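Just the one chain here, the form predicted on its own, laid out as structure tokens.
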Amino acid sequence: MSDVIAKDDLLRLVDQWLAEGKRVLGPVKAGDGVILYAPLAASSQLVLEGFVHAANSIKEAVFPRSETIYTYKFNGHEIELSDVDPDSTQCIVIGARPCDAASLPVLDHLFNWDYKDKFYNARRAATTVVTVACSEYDDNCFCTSVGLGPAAEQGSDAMLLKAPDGWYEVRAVTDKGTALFNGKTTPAPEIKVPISDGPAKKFDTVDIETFLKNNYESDAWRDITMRCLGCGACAYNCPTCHCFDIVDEGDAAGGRRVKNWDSCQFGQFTVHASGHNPRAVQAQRQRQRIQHKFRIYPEKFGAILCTGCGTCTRNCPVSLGVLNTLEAIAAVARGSIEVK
């Protein structure tokens, strides 16, 4: 048994969510051909069809770029601290790609490891994710290489699969997804949308992990990543990168403590108070990025810190990303590329 919804009815449902005061995020055109996940003002902004891969990530719904964790003010020699309540506004992400949604279960490990982050968890609990299964992909996509695929359900609460004649098959994945579409769909047992095979598998993660364990000091890192500019675009738009810094912003009267995004690709990320930097050159920082995603994080949490979305390469001003770095590593391991 399949449930379907017409595209026009889906758009009316989005407008209904907005009228109810819910925060709705989805892919929208941001000019010059760029698509971003952004808050919707109306369903007419939503981009659902065609090759849709936003330049940013839905992690912003649960892990914003900047978030106040408490405020403070000075009363003479005393400091008064005030807690900030986590944002629990109901949020619906509509039109996300499966590779973006798959990042959420991965991030859950980090934000509930040795400390449960109440800000992340409040946003996560209040967010319902509706994905659209992929029927198109480009040369930068490699979801199948990291154990996912065009209709992977990890992180989705409901999934839409484009059927002929302006209909979407609706597959509820969680109770939140079931509740969101309850009474909004039509039974259509004759409709079962086929799922694309997705991009061909481009590397073996076991081979990659073996190389990472045995070649930490290899000159291959220098040769493969020499063109990296250290701009951090890869990390900021990656659905699974989660580095952050905590800073105090204020004046003599008081201020706030803020959690801000950071990146291991920035030159000052690992600078010690002494001035020593254990990752003094960009090749070492790129090495850390790949080691973290494909060896360190999997060893700790049992999950690869990458969903194969290809966003890092699409956003990189010098076309360097996880995929072509791993392909080069695989070539070095095979002996196809000689390290000088």
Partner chain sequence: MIDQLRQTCRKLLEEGAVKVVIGYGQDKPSMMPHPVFITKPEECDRLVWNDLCFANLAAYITRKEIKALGKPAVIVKGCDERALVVLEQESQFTRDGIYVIGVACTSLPASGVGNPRAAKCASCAVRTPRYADVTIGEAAVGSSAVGSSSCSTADAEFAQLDEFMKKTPAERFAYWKAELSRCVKCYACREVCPMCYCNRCIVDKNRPTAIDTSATIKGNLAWHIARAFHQAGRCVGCDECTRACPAGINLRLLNQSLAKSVERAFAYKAGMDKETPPVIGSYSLEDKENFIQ
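Worth saying up front: this structure is predicted, and the values here are computed from it rather than measured. By rigid core we mean the largest C-alpha set that fits within 1.5 Å across both forms. Numbering follows the first chain given and starts at 1.
There is another form of this protein, the form predicted together with its partner chain, and it is not shown here; the text below is about that form.
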Even though the partner isn't displayed, in the model of the complex is Leu323 close enough to its partner chain, meaning a heavy atom within 4.5 Å?
yes
Can you tell me whether Thr205 touches its partner chain? I mean in the model of the complex, with a 4.5 angstroms heavy atom cut-off.
no
Is the gap between Val281 and its partner chain in the model of the complex 4.5 Å or less for some heavy atom pair?
yes
Does Asp9 reach its partner chain in the model of the complex if we count a contact as any heavy atom within 4.5 Å?
no
Option from 126 to 134, 157 to 165, 232 to 240, 190 to 198 whose residues, in the model of the complex, bring a heavy atom within 4.5 Å of its partner chain:
232 to 240
Using a 4.5 Å heavy atom cut-off, are Ser66, Asp139 and Cys228 all in contact with its partner chain in the model of the complex?
yes
Partner-contacting position among Thr89, Asn214, Asn182, Gln268 - heavy atom within 4.5 Å of its partner chain in the model of the complex:
Gln268
Neighbours of its partner chain in the model of the complex among 253 to 289 [non-hydrogen atom within 4.5 angstroms]
Arg256, Val258, Asn260, Trp261, Phe266, Gln268, Ala273, Ala280, Val281, Gln282, Arg285
So that I can tell if Gly302 moves, could you say whether its C-alpha shifts by at least 2 Å between the shown form and the other one after the core superposition?
no
Is Gly33 among the residues whose Cα moves by 2 Å or more between the shown form and the other one after superposition of the rigid core?
yes
